[in-house]
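Only one chain comes next, encoded as structure tokens, the form predicted alone.
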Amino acid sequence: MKLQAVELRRIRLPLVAPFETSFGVQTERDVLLLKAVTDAGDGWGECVVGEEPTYSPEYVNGAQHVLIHHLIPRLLDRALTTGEVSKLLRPVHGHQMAKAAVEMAVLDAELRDQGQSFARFFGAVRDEVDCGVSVGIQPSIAALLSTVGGYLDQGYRRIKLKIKPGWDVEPVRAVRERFGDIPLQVDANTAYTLADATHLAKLDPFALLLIEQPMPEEQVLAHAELAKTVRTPICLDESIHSLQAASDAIELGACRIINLKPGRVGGYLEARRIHDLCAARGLPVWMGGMLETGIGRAGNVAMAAMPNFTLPGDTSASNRYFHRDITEPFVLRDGRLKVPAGPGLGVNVDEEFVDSITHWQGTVGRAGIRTVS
């Protein structure tokens, strides 16, 4: 298969409600999409970066630049398989999410040409996946309980609460007292330090599934120390940016669970390697979320059907975030999402709708770079 060109476009997709993330409070997503144009057909990818470099060093303007000037040119006009993409891009340091996006588009094109789905390619063992939902910091306990109750009524099978200093033990206590033994976990988004270990141990009586990324990503040893005080399983997210990082964290005892985000680790193929490592070491994994459109959600749901994804992921339904998705929507039924079965990602992009919300587009091909603002 030969990559002839990559079409890029930036779209603005309004969110159903303001959402607090590591990027800040967002009211819309500025999404960078890619379409790989090959001699065997086209494939789509989604770059999961935010507008600001607050979750990782990557951000949407930077990803656009590095894709145009440094990544895509290395892949053009050569016989190519998806497995070769990461090797060809290795001379460019970092930029995992940008690399993941172009690998995803090439993989979609390759699998569509072969008539094979993402799910089959990654060895999915389920036709549906259990879904959890992430609940941001709320203005009050009453608002939190109302929000959680609404998601449980919709059928979500696990609740994740964002926490930070001053909003942790009491919100968790309130949810436990109101809703009983629902599957419940918390996400700190690096908000704590090792000095908070005794305080975080106060969450132990609430039988949480896990505490996600309590401390900054580079503090892997500190997480291993924290695990000596806190009985609740520590889950790493931002710290896991590669197979090597996952292996080191496991060896150090820094985590007992890993959140997998394909974009964060450089692509679905690296995510599969981490899945396999964790399975061999007896650690469960679960699928994280980055407010993906239906393109990214399709890949995530397919991967979440692999054997070692034993905890519900942040694979919420499309209407959790968007009034209208850019593919057919993912609809929650009995707390689960159906795994796409069609070739490649198994979803169809509504290109007319995408055109209507595009605010920048360009193409990188044989003739160089052509942009249309």
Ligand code: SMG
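Everything numeric here is computed off the predicted structure, so don't read it as measured data. Numbers for residues come from their place in the sequence shown, where the first is 1.
What comes next is about the form predicted in complex with N-succinyl methionine (SMG), which does not appear here.
With respect to N-succinyl methionine (SMG) in the predicted bound form, the three residues Ser134, Gly289 and Glu292 uniformly fall within 4.5 angstroms at the level of their nearest heavy atom. Tyr55 belongs to the set of residues with a heavy atom inside 4.5 Å of N-succinyl methionine (SMG) in the predicted bound form. Using a 4.5 angstroms limit between non-hydrogen atoms, Asp248 is distant from N-succinyl methionine (SMG) in the predicted bound form. Contact annotation: Phe353 falls outside 4.5 Å of N-succinyl methionine (SMG) in the predicted bound form, judged by heavy atom distances. In the predicted bound form, at least one heavy atom of Lys160 sits within 4.5 Å of N-succinyl methionine (SMG). The stretch from 79-87, 185-193, 113-121, 99-107 that comes within 4.5 Å of N-succinyl methionine (SMG) in the predicted bound form, counting heavy atoms only, is 185-193. Though N-succinyl methionine (SMG) is absent from this view, in the predicted bound form it lies within 4.5 Å of a heavy atom of just one residue from Asp237, Glu270, Asp168, Asp130, which is Asp237. Shown here without N-succinyl methionine (SMG), the chain has only Glu212 in 206-220 lying with a heavy atom within 4.5 Å of that partner in the predicted bound form.
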